[in-house]
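Just one chain follows, in the form predicted alone, and it is written as structure tokens.
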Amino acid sequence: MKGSVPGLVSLAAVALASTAAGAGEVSVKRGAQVAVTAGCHDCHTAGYSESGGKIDPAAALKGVGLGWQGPWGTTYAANLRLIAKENGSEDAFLTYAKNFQARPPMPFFNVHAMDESDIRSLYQYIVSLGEAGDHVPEYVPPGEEPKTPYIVIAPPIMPKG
């Protein structure tokens, strides 16, 4: 059994490396992993949460017509396939991702903090999904009633004290 433990460790390392896309790698596989771990599908893929995390390739990252309403108005999770297509290239998408601003509840600052290789991988994954699909509903300003279903995100009401 001489050398069996190091051999097992080496085999385990090779197996692990082949199943997970590594940080710093730029690939569609890594982009798919980033889309899950960064929470992109949580809001931008219809039915993702309800399915227990199963990704429907036909709906993946096409945005959702369910609004999020708060003091800022009503916003919708964008169709990331259209955003990738409209930016036209991986470099342009990287620039967009590092600089865009969005209304709540989109945590755009988390995207700004992403590693360049993760953003490039995310772009490759998004464009690999196929047809871009349609735009989600437009932003609805505060005080106007959306024409779609929406979830109200209300600030907490503090007890008078």
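These numbers were taken from a predicted model, which means no experiment stands behind them. Start at 1 and count along the sequence shown; that's the residue number.
Heads up, the form predicted together with a small molecule isn't pictured, but that's what we're talking about next.
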Practice problem: Kindly confirm or deny that 47, 65 and 148 each have some heavy atom within 4.5 angstroms of the small molecule in the model of the complex. | Solution: no
Quiz item: Quick one: of 26, 55, 94, 114, which gets a non-hydrogen atom within 4.5 angstroms of the small molecule in the model of the complex?
Solution: 114
Quiz item: Quick one: of 43, 59, 32, 127, which gets a non-hydrogen atom within 4.5 angstroms of the small molecule in the model of the complex?
Solution: 43
Exercise. Verify the contact flag for residue 78: yes if a non-hydrogen atom of it lies within 4.5 Å of a non-hydrogen atom of the small molecule in the model of the complex, no if not.
Key: yes
Practice problem: With heavy atoms only and a cut-off of 4.5 Å, decide whether residue 106 touches the small molecule in the model of the complex. | Solution: yes
Exercise. Could you confirm whether residue 82 comes within 4.5 Å of the small molecule in the model of the complex, counting heavy atoms only?
Key: no
Practice problem: With heavy atoms only and a cut-off of 4.5 Å, decide whether residue 39 touches the small molecule in the model of the complex. | Solution: yes
